[in-house]
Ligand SMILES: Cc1cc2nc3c(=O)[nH]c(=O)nc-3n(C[C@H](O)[C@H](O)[C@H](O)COP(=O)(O)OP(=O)(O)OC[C@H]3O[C@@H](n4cnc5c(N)ncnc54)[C@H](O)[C@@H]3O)c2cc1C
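To begin, one chain is listed below as structure tokens, in the form predicted on its own.
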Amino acid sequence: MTFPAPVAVVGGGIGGLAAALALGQVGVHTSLYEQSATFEEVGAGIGLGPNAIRRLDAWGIGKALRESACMPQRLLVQHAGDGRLLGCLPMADAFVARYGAPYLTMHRADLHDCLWQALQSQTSAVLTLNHRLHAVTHTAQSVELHFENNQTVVHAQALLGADGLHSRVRPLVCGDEAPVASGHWAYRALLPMQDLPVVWRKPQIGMWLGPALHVVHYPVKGGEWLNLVVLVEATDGAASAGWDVARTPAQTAADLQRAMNTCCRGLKELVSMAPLWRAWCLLDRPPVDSAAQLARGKLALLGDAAHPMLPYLAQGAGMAIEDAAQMAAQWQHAHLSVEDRLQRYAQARWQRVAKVQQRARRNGKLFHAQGWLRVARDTAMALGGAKLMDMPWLYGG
């Protein structure tokens, strides 16, 4: 049997595009299936560590990436209550010297577009929209994909599930346990830089730590916009995660007012400048505990479908990009079976992504600490400074 698409990728987000692009660079053609009727990535800002940038540079999209991204000079961590400086981590050139690549901040849609443009120029993938996966059937030689409202049966050598937190491929690999609400909400806004006081226009990442909340802001869109995120511990959850979860103005106001009540005046003023807030209920899964959770037979998972993580390490996109690079590396072993390639991928990835998931959870507790834990955190940051804030194990990997 001849396969028009050696590898099928379900999900047209950052993870799916990265997988198709990486595989294409080692000579593997893919068919990419996206359930939405239009092809676009929504969201707001994201951070990309040197671990992600090195791989994106290797794929030849570094120049395009930097045209819309920003390179923060430093990370400043401040106390949300009184504004005092808790720690400063030099970035920009310091990261390039240390890790071979910078830390960049950008709009999620710009990263998505860079990946898509690169994939189109590579001509190694075929994108099909409005195709929601319905069922998967194994045969001795292939995987058969069946889609809702479509009679077409697609054959592929392997199926890569990059279809997000509510993946339809995941249950076929490691069970269908639903993600659970973390109790945290992210309120996100984009503010035009030209409308902000000069103090907020600096090329840096600002992080403010307070009881049961923290605030993050940094430039995106070439410095023309400020991405602002307020992460709070709310009293209710949601049935699903998404960029624009239904949340009433009253709920938004109540959450932000309660969370910002003890914050300093300057931070309150910044938050008050946001013209529109969008809510994101943070759902979570336990950290990966074995390679079996990433691959089974001719099926494998990437990105949030494999290892969703809270955004407290800013590595969701980074881990998906690493997944894609490792998948492509295994596909270069032509003497191996499809199953062996996917198992090698899973073995190479599961411990690293589990560590990132665990650290993200831990950061959530530290960022929102109260009482003695807050005092210990602040003292450690004062003593450890940049060394404590840096993460060679992550950015150097």
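Just so it is clear, the model here is predicted, and its values are computed rather than measured. So that there is no doubt, residue numbering starts at 1 and follows the sequence shown.
Unshown form predicted together with the named molecule; subsequent notes refer to it.
Between the options 217, 188, 184, 170, the residue in contact with the named molecule in the model of the complex by a heavy atom within 4.5 angstroms is 188. Residue 162 is the only one of 327, 162, 159, 294 with a heavy atom lying within 4.5 Å of the named molecule in the model of the complex. The stretch from 311 to 319, 206 to 214, 190 to 198, 75 to 83 that comes within 4.5 Å of the named molecule in the model of the complex, counting heavy atoms only, is 311 to 319. Mapping the unseen interface onto this chain, residue 345 falls outside it, with no heavy atom inside 4.5 Å of the named molecule in the model of the complex. Taking non-hydrogen atoms only, residue 358 never approaches the named molecule to within 4.5 angstroms in the model of the complex. Looking at residue 300, you'd find every heavy atom of it more than 4.5 angstroms from the named molecule in the model of the complex. The closest non-hydrogen atom of residue 363 lies beyond 4.5 Å of the named molecule in the model of the complex.
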